[in-house]
Each structure stands twice: as C-alpha cells, then as structure tokens.
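Taking the form predicted alone, here's one chain by itself in structure tokens.
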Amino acid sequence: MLEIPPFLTLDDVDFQGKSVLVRVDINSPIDPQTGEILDASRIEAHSTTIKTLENSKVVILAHQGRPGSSDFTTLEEHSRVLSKYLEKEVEYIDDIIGPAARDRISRLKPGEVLMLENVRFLAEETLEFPPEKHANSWLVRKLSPLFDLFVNDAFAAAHRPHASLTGFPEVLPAVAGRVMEKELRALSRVFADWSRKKRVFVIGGAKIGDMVKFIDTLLTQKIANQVLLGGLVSLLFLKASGFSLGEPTESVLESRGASKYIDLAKDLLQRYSSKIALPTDVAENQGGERKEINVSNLPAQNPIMDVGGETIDRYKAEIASADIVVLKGPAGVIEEPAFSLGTKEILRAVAHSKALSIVGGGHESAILNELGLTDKIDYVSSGGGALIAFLSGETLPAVEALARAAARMRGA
C-alpha cells in the first residue's frame, strides 16, 4: 500500500528523431454552448512533456469526456490551445487508427506534432480488460508498429485499465512523461515513512457516493488518523447522526442520491466516531447573505452552503498538529463568495502548516492560485480519481504497466 513501483522516464531513453506516441490527459471543462475550453491548466501542464520531445516526431493520444456526456467532443479545440503553449502548430486529424491517421503519422518529420481524434470515440478504449488483452486491441495493433516509444503522461487517468493506457506498454518501450513523473515522484516523497506520521484528511465536495466510500477505505484500512468533513458529505453525516437539516438542504442531498449512503454513514459513525470530525456550526444562505448557526439550532430554514467559523477553527487546530494533510473537495459552495470562506481558510491553514500537504486538483487548485498559495503546498495533484485510488491502497493500472515495461527495458 502507498508504494510506487519502479518506472523509467524520458531521461532514461534516447528519443531524438524517434517516433513517439504520447498519451496525455487533457480532459477539460467545456462550455456546452460555445465548445470553448474553460480551464486549460491540464493542457498547459502537458506542454512541458511535448517541449521535451521537440526534436522527435510526436503524436498525441487523448480523450475528452465520455460517451453520452455533454462534453464528449472532438480534440480540435485542444490542438489549438496546445499550439499556443508550444508556440508552434499542433496539427489535428479527425481520425485515430484509420488510413488517414496512419498515413499522416508515417510522414511526420522531427519537430512536428500531430494530435489524433478523441480516443474514446473508439468503443474498445474504455473496455476494462487485462493489459495483455488490450495489447491485442485494434488501437494498439494498428498504431504500435508506427512508433519507437510510448510515453504515458496521463496520471489523472492512471487508475483506468483502458487500452490506450495499458496496452501500448506491453508491446513498446514505455516511460513516464514529465507530468506523470512529477506526480509519482511527489507521492513517493510525501509517503516516505508514512506509518509514523499523523495523517489528517479533509474531505468535502458534492460527490457524496465517491467520498463516503473513500472515507470508509481511509478508516477501515487505517490510512487516516482523523477525517475532517465539509461540503455535502458532511451534511450527509450530520443527517446520519440524527440532525434534521431542513427541507432546502435535505432536498439537495436527495437529488445527489444521499439516501443510498445514509446507512454506510451511520455505520462509519458508530465504528469510528472518534476519528470523524463533523461541523459544529454551519453557514446558511439567507437571501444571499451568510448566516452562521450552531448545529444544535438545526433545522435551517435556508440552504446550508458552508461550514461555520467555530468549525473552521477546530479544523485549523487539527491541521496544525498533523504530519501529513490531504485535502480533497471544497468545504462549501465556493462559486458563491460568501460561502467560500471555509474552503479558503482551511487551505490557508494547510499551506501554512508544517505538515507535508497534498491537495486534489480542480476547484481547490484554482483557489490556491487565487490566494497565491500554490507554492506553499507540497503536492497539488492533477488527478482526482487516480489520487483517491492510490490513497485507497489500490494499484494504478497505467503505472503498473510502466513498471512492467521498465523491467523489460532494463533486462534487454
């Protein structure tokens, strides 16, 4: 648990002039009306890897959204955005494994960059198979003969046992890109001597199901010494502990499927009451204004949208005593300035603590940038699901694939 298997990086191979297939994770929020990319931070991050390969023939493989979602679209706009960061053209082709794509790949010259179409347009991409079966997929069979090297830079998707992530390392020399390397090195450093440290997890956000299961794993496997709750997940646990939250808040919980997880929350509270910290006061939205009330005065007449000041102070004290702090998910509705207080104050406490600090990306990353505190966090991850999977003691299939490739390359 919490160990990174050995892998190789771009520093270990000669890629000059070679044909290189790079799997990145540039899955980005998209404006459904205009198709505009609303946050290009992932694209910017991966540009570092592409720049390292500037004298190679580079082909980029990536996904956007998933079938049926509103953001399931082409990568044409992504190629334009990446072109800006690279300060040179990234050619886009609306093909993946067809004759047009294979022909264009075969004619690439050193220094050129080609982005293939959304790999999830291929139905076989998201099938969850063992790596050896993915190695025999059409995706891998059609593309792998055209390349000398596979670079996996998609840490954010590393928990997915998908063809583009685990198939290519079975048949090609494979190494980690700069983003993948940075994420894995940071995890290795942060979790050194893990067992001797006080580990505090601050869990919030609106993904109730994912977070309740995560909390279960953290406590059952003794990964966390203390769990501090915010966001909708904290409201679920308040309800599970017997509080009536008020109709406006409980209707929001129900719309998020909270009833499916109420029994698990009750069970966790019964087994780990001393390790789960719940809000002792909350902030409700009273006509757009922040009104703090003690939980003893619940139910609230208005929607609860943040933790209160007393809770913030309690959580800050816990964070100050920690050796490792992991924060995943905001404490309140951060889109509303009056209700971003809890998240901002907790992030400030994490940034100024002596603890090794890990913050899940997304909204929290944006707030850290706003507060000018990003550099004070030891590790800001680009991968929410991958980070949770790793912290839950799960293996990351894409990283395991890189480790197997490294073993073969060392033995060659």
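Take the two forms, find the largest set of C-alpha atoms that superpose within 1.5 Å, and that set is the rigid core. Residue positions are given as counts along the sequence shown, with the first one as 1. No experiment lies behind these values; they were computed from the predicted model shown.
This next part talks about the form predicted together with a small molecule, which is not shown.
Put simply, of 197, 141, 207, 104 only one has a heavy atom within 4.5 Å of the small molecule in the predicted bound form, and it is 207. Taking 236, 156, 278, 171 one by one, only a single residue has any non-hydrogen atom within 4.5 Å of the small molecule in the predicted bound form, and it is 156. The stretch that touches the small molecule in the predicted bound form, counting heavy atoms within 4.5 Å, is 62-70, out of 352-360, 62-70, 32-40, 369-377. Of the heavy atoms in residue 120, some are within 4.5 Å of the small molecule in the predicted bound form. Proximity of residue 49 to the small molecule in the predicted bound form: non-hydrogen atoms within 4.5 Å are absent; the residue sits far from the partner. For the chain shown alone, residue 56 is not a contact residue for the small molecule in the predicted bound form, no non-hydrogen atom being within 4.5 angstroms. Remark: residue 160 counts among the residues lining the small molecule in the predicted bound form, judged by a heavy atom distance of 4.5 Å or less. Put the two forms on the same core and the Cα of residue 133 is off by less than 2 Å between the shown form and the other one. Residue displacement note: residue 214 has its CA displaced by at least 2 Å between the shown form and the other one (rigid core superposed).
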